[in-house]
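Before any questions on binding or motion, here is one chain by itself as structure tokens, the form predicted on its own.
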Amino acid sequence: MAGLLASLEPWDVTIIGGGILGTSLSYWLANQYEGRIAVIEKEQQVAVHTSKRNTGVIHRPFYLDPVNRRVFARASQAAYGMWKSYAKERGLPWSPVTTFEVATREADVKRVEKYYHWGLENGMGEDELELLTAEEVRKLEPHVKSHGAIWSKTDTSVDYPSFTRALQADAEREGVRFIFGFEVKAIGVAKDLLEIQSKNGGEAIRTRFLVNCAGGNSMRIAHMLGLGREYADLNFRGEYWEVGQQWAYLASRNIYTVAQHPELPFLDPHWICRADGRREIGPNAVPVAGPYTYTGFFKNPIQALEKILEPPMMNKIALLYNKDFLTLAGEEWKSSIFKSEMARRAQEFIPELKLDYLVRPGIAGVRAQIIDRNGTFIKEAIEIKGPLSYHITNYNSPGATGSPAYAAWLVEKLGSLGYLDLRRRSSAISKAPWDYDSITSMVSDSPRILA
């Protein structure tokens, strides 16, 4: 199929990655512009990796710094109403279980107070947030131990793969072509076109413009075009354990804890209420050798060595001088090897939880985290301009939450920068579920853009 499609005239825009961001982007591109648009995806369907293997929560932006994480905060705020109306219109799972972010230490109380003000500054209503004392937490969740909490009353559990498949269908109705089973091997520049080679062989896909939304592979794709060489990515697997249904009474809401090391990609375990009613404890953040390493630490020793030696090496060498990172990485590995360690960490906020309550492994997902030359973890999304291409990398949590708003804003920006050599539609070719202009106006600031 890929060879047949490649033999036709070049695509106007090709998106690499059929996750929730790439699929959202394809929908908005086709809704706003006339042209031949394709999404290429290595798997046989959309939303197989990070878009599926996450907490399944639509996060409200109370915990996002309105200055340092402004783009994600605004996209998350805009997307909440989008997802809510979309779920109702499409009959998709929507479970408003709400979230407590609890202070497990006395010093964390000031943090949750700051979250309250951040939430309001990011556009949440006063009726959506409430600061709780330890006694008030106990009254609402008798089995949760804390020094207080912030209650986000509109956090919602959903099924992101269902959302992504529905968006795929909408995009296809707008004329987008999804090409599955196409794993990118190399990208070459040929005059005014890019040629994308597949690992499976066959003809290359030619495109006039490329948008890289490849998630865990996004930095590798950028490196193929010589871009983002000052950055390296590290992969961290988050593992969950499913709690037996007979112990679901321990909490009826999502229970998060204030991160002890917010500058590092290590979070304390959460209690998650899934949209289907299951309860899970997790995740940890286990360093692994690849973006799809869902079990073990590497497929083979060669893969691990290749990851260590993958350029740029100086970023990783700089990280070796971070004693906090090394210590915490060891603790995360321990929580992966020993279920008892995961249970112990969860007992800090749900003391009645016992080891036997963790009945089976739950979802495991891998996040690619970008580090700079100083070994510093970058928090915001990074957008890189390249030859006939634009690359979105480090698009992490709460990426799924904000994806439809972020994608609309990205389409608007690409158009304003002159990257889309396409004719703008005079009107949407079908009834859109959302209003493009109001969404893009809500997400108005730019993340870090590299020339």
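Everything numeric in this text was worked out from a predicted model, so none of it was measured. Start at 1 with the first residue shown and count on from there.
Separately, the form predicted in complex with a small molecule exists; it is not shown, and the next lines address it.
Not one of 244, 269 and 357 is positioned with any heavy atom within 4.5 Å of the small molecule in the predicted complex. Of the stretches 30-38, 380-388, 415-423, 54-62, only 54-62 has residues with a heavy atom within 4.5 Å of the small molecule in the predicted complex. Comment: the small molecule is not present in this chain, but in the predicted complex one of 161, 362, 290, 238 has a heavy atom within 4.5 Å of it, namely 238. When the small molecule is considered in the predicted complex, only one residue from 144, 370, 82, 366 comes within 4.5 Å through any heavy atom, namely 366. Contact annotation: residue 124 falls outside 4.5 Å of the small molecule in the predicted complex, judged by heavy atom distances. Taking the partner from elsewhere, residue 228 is found to have every heavy atom lying beyond 4.5 Å of the small molecule in the predicted complex.
None of the heavy atoms of residue 119 is located within 4.5 Å of the small molecule in the predicted complex.
In the predicted complex, the small molecule stays beyond 4.5 Å of every heavy atom belonging to residue 404.
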